[in-house]
Each structure stands twice: as C-alpha cells, then as structure tokens.
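First comes one chain, alone, set out as structure tokens in the form predicted alone.
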Amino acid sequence: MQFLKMDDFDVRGKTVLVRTDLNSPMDENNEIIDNIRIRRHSETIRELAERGAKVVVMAHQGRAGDSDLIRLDKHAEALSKHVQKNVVYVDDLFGTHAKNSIKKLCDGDIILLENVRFNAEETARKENQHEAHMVRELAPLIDYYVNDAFAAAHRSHVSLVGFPEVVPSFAGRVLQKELEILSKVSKAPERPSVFAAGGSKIDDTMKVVEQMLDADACDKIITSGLVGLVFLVARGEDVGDTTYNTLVKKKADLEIPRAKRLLARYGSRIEMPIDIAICVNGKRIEMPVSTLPTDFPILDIGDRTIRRYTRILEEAATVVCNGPAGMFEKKGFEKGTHELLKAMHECRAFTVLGGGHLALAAEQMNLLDKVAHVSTGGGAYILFMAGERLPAVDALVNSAQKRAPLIVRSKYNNHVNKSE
C-alpha cells in the first residue's frame, strides 16, 4: 500500500483538512462518552497544530434516523481536553460560516466543522464523490487532506474518498499505525501466532478465521462467544434449543457449513470450548461440553477452557483477538473475557485487540494502555483482517500514484514534499 504519510509533507502555514472518526458511545443523557478514538485522533491533530498547520477537523456522529445523530460541540470540548489546546466548534459544514472560519485560521489554530452526516450527500452519493457540493466548496480552501479515520475506512463516503481525488492527500498517525500493525500480524506475524475469535459478528469473524488459516498467518485459532458455539455445532454437538435459536436469530447458523469446511481442513489448529457457563435463574453454572445439550442459555466459556486457552496464549509470540469470550456485560459472565484479556496482558506476545466491545472490556480492567495495540476500528478492522479492500485506503493510494510526478525532496525534513 503505497500511500503518503504525515512525515512526507511540510505542513507549516498550510491549511489541512483532517477526517477523523469521533463517533462515540452516548450515555443516558445523550452526552458523549470519552473513548479511545477521541484520544488517538487528538495526537494526530496536536502534531499537525504543533507543526504549524491550520487544522480543519471533520468527523461524524451517529447515522440518519438514530438518536445519536447530533451536533459536534461536545466533541470539540473533548478534543480540546486531549489536544491541550482550544478546538473551536463551527456549527456549519461547507457554507459561508465554515468557509470564512477556514480563511481566518492562523498557524496552529484548530477548528471542528459540523457533523458530516448532516449532509445527505455524505452517505447517499455512490459515485463521483469528488463532485459533491462539500468537496467543491471546501477543496479550494485547503492545501492537504489527511485521512485519519481508520474506523470508517471501509465506507465509500464523500468525506473519505472524494477529497483525495482533487487534493494532495496522506494518512494520519492513527490510520498509518493501524495499517502497519494489522498488515504485519495478518501477513507476517512472529510465530507462534494465535487468533482469538470471539464475539457475535459471526459472518465477518468467520471470514477472518478462514483468511488467516488459508494464508497460514496463524498457528492456532481459539474460539469463544458465538463463534465457538458455531464450531461446536459444526462438530456435531447439540447446544440445546435455547442457544441454537439464538444462533438462528443472529444468522450465525448460516456459518455452520463454513465451520464444517474449516474443521475438515484445519481441525487440529482450531480450538473449541471444552466447558461452558450457562445462566440458571441469573446465576453462573459451569458444565462440560460433553454433557450438552442444555435448555439454559450458554453465555460464556468455563474454567477448564480458560486454563487451556491461557496455556496456548502463554506460548504465543503474536496474539490477535477479536470479540469478547461471552456476554461480558452480564454480571457473572464477564469471567471468560476478563481472564483471557489478563492472560494476553501477562504473556510475552505482541497483542492486538479488536475495537468496540473488547476495548470496553479492556478499559474496565485498566488494560487498554497495557497491550501492544488496540484497534480503533470495528467493521474496518474485521474486513481488513479478512483481506477485504478498504475504499478510503484505496483513495489515498490512488492519490499518491496520481501525484507522483509532483513529489520532490524537501530540505525541511528530508522527506517527501509537494512541489509548489
């Protein structure tokens, strides 16, 4: 992936549009919950401002029809705290107010434009995104476009793929780090390599399992969550009507044929739970898989499975984890997720955690900053690990190729700089 990076440009005195992903969980009062994405993007924004850029931040929150499709004034406050510099909220996206605010910027200033998803074209336009009104209005005012929104990189939205068509573009620190680390662990990991496949995003996670096994990018798959249950059913276990109906409801049963094929080809490399935890009148009860079926819902892996998986993790050099081991949000059934996260923290391996629920669980245990890498992506993380192309990354690659003749050596930092 030959895209340009922040080190490749002298941004002093330049107006830089930075697309971030500040999409945040909301509390009961519709206030944003501070999270890893805001903290990570603040590092990119702070660096650009310290290097003398006039920084214009662009982001989204929520989606059409949802209650969390809100203004970004509180996001500006959260960014200000982490950037340690005032981030001015502009309640306009590409109208007169927004354009005048951009023109008035001084070196080192930072503004945050309004929620890009207030603009219908952002998600509705399916082709020629560079011709959208937002791009036509803002592109003449900016020198460079920076995509730092890895978590949204799987979307072909205007703010993600339109600007690289018409403005010199490069990756921010978050996007760059995500692609470098995930490329390494999915293609050339230190061995032994273990992929811990859990959670409830069955179809995408199964694609990752298949991709990593077919590419010989991992030595062991340890399964839990609904993924583990799918493999147990594929092996012929009867999990009981209650749990099987849950698989059907989440369309996880559609992945059983794929699980059967993978077991036939890679059976010895795929580890499945040997005991599970069921919920009986709200209490955690453990039972061996050999005693299934059960009429009670299966919500976690059991102690014997935890010990078995912990031994595998202790011997690993690389661990990639996607999704919790069970319903960790329910008291008594967080054990599998917490114990595996603890094992990943204590083992010698280079550990990568998928975003979303797993990051939340790690934060609950104060482990978020104690593993090698926690991805900011959800869908983008899974799709990249599954070998899928990410449209926003392709846009950066195409931009770099298009502008190759305009790239010269810069005396400023001995890196690449756009010739004026």
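The first residue of the sequence shown is number 1, and the count goes up from there. What you see is a predicted model, and the numbers here were worked out from it, not measured in a lab.
Absent from the display: the form predicted together with a small molecule. The rest refers to it.
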Residue stretch of 55 to 63, 382 to 390, 40 to 48, 358 to 366 approaching the small molecule in the predicted complex, non-hydrogen atom distance within 4.5 Å: 55 to 63
Would you kindly say which of Ala151, Val194, Val135, Met344 lies with a heavy atom within 4.5 Å of the small molecule in the predicted complex? Ala151
Pick from Lys207, Lys335, Lys177, Arg155: which residue has any heavy atom within 4.5 angstroms of the small molecule in the predicted complex? Arg155
Answer with yes or no whether Ser399 is in contact with the small molecule in the predicted complex, where contact means some heavy atom within 4.5 Å. no
If we define contact as a non-hydrogen atom of the residue within 4.5 angstroms of the partner, is Thr15 a contact of the small molecule in the predicted complex? no
Arg125: touches the small molecule in the predicted complex, heavy atom cutoff 4.5 angstroms: no
Using a 4.5 angstroms cut-off on non-hydrogen atoms, would His130 count as touching the small molecule in the predicted complex? no
